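Encoded as structure tokens, the following chain is the form predicted on its own, with no partner shown.
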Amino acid sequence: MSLYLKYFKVHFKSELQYKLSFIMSFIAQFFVFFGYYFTIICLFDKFSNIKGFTMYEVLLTFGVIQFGFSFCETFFRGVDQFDDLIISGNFDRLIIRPRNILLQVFCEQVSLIKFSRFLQSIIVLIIAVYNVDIEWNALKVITLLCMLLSSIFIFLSILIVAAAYCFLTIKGLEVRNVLTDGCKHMAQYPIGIFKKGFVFFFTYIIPFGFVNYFPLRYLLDYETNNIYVISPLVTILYLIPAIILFYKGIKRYNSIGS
């Protein structure tokens, strides 16, 4: 953690070297995110609910997914842009250092501009929690916290798998975007509104259902079993093989030389 904090300070000072550029980019990211939010508002201006889910219930799932995605984009940007490390040859430098390789990859890039999206996801979550029809208690608060953690875990897992894929292809191609942006846009709605094939895939193959759907049903009292409180932590089981896959990929890595 101390190593990451040192890198974070360096990245922070680096991005503030051009203050006007940073501010303009920060504002631009704000309006990009606002576009997603505005789309949901417009949708519910025409429809009172989507398969029984109200606007604020959808905004809750939207906020949870955007929270995890923007957190990873901000603080784990290094693994998101992992192919650049291989192409530039800088990954060779990480291998010979006596530090955890994956941690060093996390430290390579931090995008404070994306922090704008992270702040907005928190604002949307506050709005949704304040307005959604849920009788909050300690277990439901824990459930929401587990949902937020699992959102980070699932996107981090996907980014690590995409990084491992780069050991075979060098360039990440569009696979990374399909798995991150594509999954994000789908999972920002309760997956129960989709066809059974989608629900199966995004529950048992990529477990977004445990991030925002099954826990949401518990919050809304559709489910009463307390196992749903910790069900979002199933995503940890997805993170572990992702890390193993990454380190197996390192064994296949051939240095580009210099």
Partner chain sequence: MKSYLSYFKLKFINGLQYRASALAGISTQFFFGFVYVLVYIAFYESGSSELPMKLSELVSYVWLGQSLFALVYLWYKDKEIIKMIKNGDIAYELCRPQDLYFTWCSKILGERLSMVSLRFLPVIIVSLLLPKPYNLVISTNILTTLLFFISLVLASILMTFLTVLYHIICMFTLDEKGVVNIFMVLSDLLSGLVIPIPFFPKYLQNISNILPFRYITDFPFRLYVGNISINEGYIGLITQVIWIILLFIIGKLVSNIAFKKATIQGG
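Being a predicted model, the structure only gives us computed values, none of them experimental. Residue numbers count along the first chain shown, from 1.
Omitted from view is the form predicted together with the partner chain, to which the following refers.
Contact with the partner chain, judged by heavy atoms within 4.5 Å in the predicted bound form, is confined among 221-229, 34-42, 66-74, 207-215 to 34-42. Heavy atoms of no residue among S111, I134 and W136 are located within 4.5 Å of the partner chain in the predicted bound form. Proximity of I50 to the partner chain in the predicted bound form: non-hydrogen atoms within 4.5 Å are present. Residue contact check for G89: none of its heavy atoms lie within 4.5 Å of the partner chain in the predicted bound form. Taking the partner from the other structure, the partner chain in the predicted bound form has a heavy atom within 4.5 Å of a heavy atom of M24. Although the partner is absent from this view, H185 contacts the partner chain in the predicted bound form, with a non-hydrogen atom inside 4.5 angstroms.
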